[in-house]
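Just the one chain here, the form predicted on its own, laid out as structure tokens.
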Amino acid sequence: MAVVALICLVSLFAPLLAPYAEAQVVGGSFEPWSATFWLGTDSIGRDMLSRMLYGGRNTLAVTLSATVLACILGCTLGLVTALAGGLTDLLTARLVDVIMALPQLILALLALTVFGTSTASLIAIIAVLDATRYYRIVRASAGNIVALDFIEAARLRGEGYVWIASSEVLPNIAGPLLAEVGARFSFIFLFVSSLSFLGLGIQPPLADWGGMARDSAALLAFGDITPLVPAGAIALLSISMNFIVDWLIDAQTGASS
């Protein structure tokens, strides 16, 4: 939690902490680490430390936006189909099965090629693809809840779908849903970084850790560890988030005891 909080705070205050602007050219190409440029410069002379700070800000913003949107879409669809049942549930489940049967990376690459690589398109495409995972969790959890007597009692009282979903079903699936949000945040963060590494994620001149690792990867052949800095930041945040998710699951299920 401390690591994640530190990364989030540093990324949030990147404009105040960065010595240079995000896209400002301040030196020569691939200058080494020095007192002037703590992490050297990139291929066109931009300060790597400044871009690391801004890159965390951009990557986290896209990841958080996609995670929230995917959660809203997936949870809404899962709750609606669980409460509606019948043909609606069947058709939705088959559609989700088709989407999940296809490799997510290939679908994202095709969609980004068709709709463009803008930040809005990136967030929307990732959210739609990842909403299927939320749908599966919510549909399975809510399916067990809606069969219980207190849901039937609420229906007999004349309560609507919205009230039942928000007041009866959601509170009873909050535990697994919270753990899933943490896990999906980590996966989406890695997915955004992977797309950026392939050149279809966050686009220049915006900085992001995946793109920075790709742009400076050639330096590894010369013994320069600069590409490992953004790669290490990606790994550090992902591992930290996984530890938090594991803790949440343990606290929820009592597995550690």
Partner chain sequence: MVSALPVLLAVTDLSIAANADGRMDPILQGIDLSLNTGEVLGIIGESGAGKSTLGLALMGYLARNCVVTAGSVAFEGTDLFKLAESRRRDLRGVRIAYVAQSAAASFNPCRRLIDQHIEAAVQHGLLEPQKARDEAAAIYGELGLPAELALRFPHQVSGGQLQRAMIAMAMSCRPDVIIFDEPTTALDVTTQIGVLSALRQVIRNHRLSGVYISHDLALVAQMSDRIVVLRHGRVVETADTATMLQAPKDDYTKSLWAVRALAKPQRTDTGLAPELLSIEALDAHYGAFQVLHNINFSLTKGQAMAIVGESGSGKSSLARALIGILSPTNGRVRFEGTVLPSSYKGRSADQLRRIQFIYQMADTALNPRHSVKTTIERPLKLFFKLPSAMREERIRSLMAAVELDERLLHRKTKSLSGGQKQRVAIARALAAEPSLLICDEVTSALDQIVAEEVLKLLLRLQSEMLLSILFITHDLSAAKAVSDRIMVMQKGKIVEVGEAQQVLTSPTETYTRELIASIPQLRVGWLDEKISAARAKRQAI
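None of the values given here were measured: they were computed from a predicted structure. Positions refer to the first chain, counted from 1. Note that the rigid core is defined as the largest set of C-alphas that superpose within 1.5 Å between two forms.
Keep in mind that the form predicted in complex with its partner chain is missing from the display, and what follows is about it.
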{"query": "In the predicted bound form, Arg155 touching its partner chain (heavy atom, 4.5 Å)", "finding": "yes"}
{"query": "Heavy atom of Asn172 within 4.5 Å of its partner chain in the predicted bound form", "finding": "yes"}
{"query": "Touches its partner chain in the predicted bound form: Asp130 (any heavy atom, 4.5 Å)", "finding": "no"}
{"query": "Partner proximity in the predicted bound form: Ser167 to its partner chain, non-hydrogen atom cutoff 4.5 Å", "finding": "yes"}
{"query": "Residue (of Leu148, Ala120, Leu90, Ile72) lying close to its partner chain in the predicted bound form, criterion heavy atoms within 4.5 Å", "finding": "Leu148"}
{"query": "Partner-facing stretch of 177-185, 73-81, 135-143, 159-167, counted where any non-hydrogen atom is within 4.5 angstroms of its partner chain in the predicted bound form", "finding": "159-167"}
{"query": "Did Glu152 shift 2 Å or more between this form and the one not shown, C-alpha, core superposed", "finding": "yes"}
{"query": "Core-aligned CA displacement of Ala108 at least 2 Å between this form and the one not shown", "finding": "no"}
{"query": "After fitting the core, Ile164 CA displacement of 2 Å or more between this form and the one not shown", "finding": "yes"}
